[in-house]
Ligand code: AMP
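First, one chain by itself: the form predicted on its own, in structure tokens.
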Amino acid sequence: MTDETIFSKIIRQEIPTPLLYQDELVSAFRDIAPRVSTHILIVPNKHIPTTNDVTDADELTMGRMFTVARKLAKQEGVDESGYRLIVNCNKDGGQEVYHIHMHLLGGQRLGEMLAL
């Protein structure tokens, strides 16, 4: 698997995309094809292909993704009404870009997580 993804290019701003947040560990931006009114992607700046590739050394980065999600949810005004955080892993888990990322979804009633 290559270390180069569309998210890597967005992080470096080679693909100009308005960033909602960026620090030394993570970046956040709106999904290009939003599924709900608030759909933000939070990604580590370091390329980590899937959840299966997270190591102990990545703990701070993974934690930062959650604290940034909290900040963005408040900024977007969905913190009180509620929101969902999703991380997909591999094909059957619905992962499309192999650069781990968290979806922050909100702004409307999301319903059941899975219809089993």
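Start at 1 and count along the sequence shown; that's the residue number. Quick caveat, the model's predicted, so the values are computed rather than measured.
The following text describes the form predicted together with this ligand, which does not appear among the structures shown.
Asker: Which residue, Lys74, Arg35, Lys91, Arg84, is the contact with this ligand in the predicted bound form, using a 4.5 Å heavy atom cutoff?
Answerer: In short, Arg35.
Asker: Which one of Ala69, Ile48, Leu41, Val78 is close to this ligand in the predicted bound form, taking close to mean a heavy atom within 4.5 Å?
Answerer: For this set of options, the contacting one is Leu41.
Asker: Would you classify Leu110 as touching this ligand in the predicted bound form, given a 4.5 Å non-hydrogen atom cut-off?
Answerer: It does not: once this ligand is placed as it appears in the predicted bound form, Leu110 has no heavy atom within 4.5 Å of it.
Asker: Is Val97 a contact residue for this ligand in the predicted bound form, using a 4.5 Å heavy atom cut-off?
Answerer: Judged by the heavy-atom cut-off of 4.5 Å, Val97 is in contact with this ligand in the predicted bound form.
Asker: Tell me, yes or no, whether Ile11 is in contact with this ligand in the predicted bound form, where a contact means a heavy atom of each within 4.5 Å.
Answerer: Taking the distances in the predicted bound form, the answer for Ile11 is no, it never comes within 4.5 Å of this ligand.
Asker: According to a 4.5 angstroms non-hydrogen atom cut-off, is Asp58 in contact with this ligand in the predicted bound form?
Answerer: The answer is no: Asp58 has no heavy atom within 4.5 Å of this ligand.
Asker: If we check this ligand in the predicted bound form, which of the residues in 97-111 reach within 4.5 angstroms of it by a non-hydrogen atom?
Answerer: Contacting residues: Val97, His101, His103.
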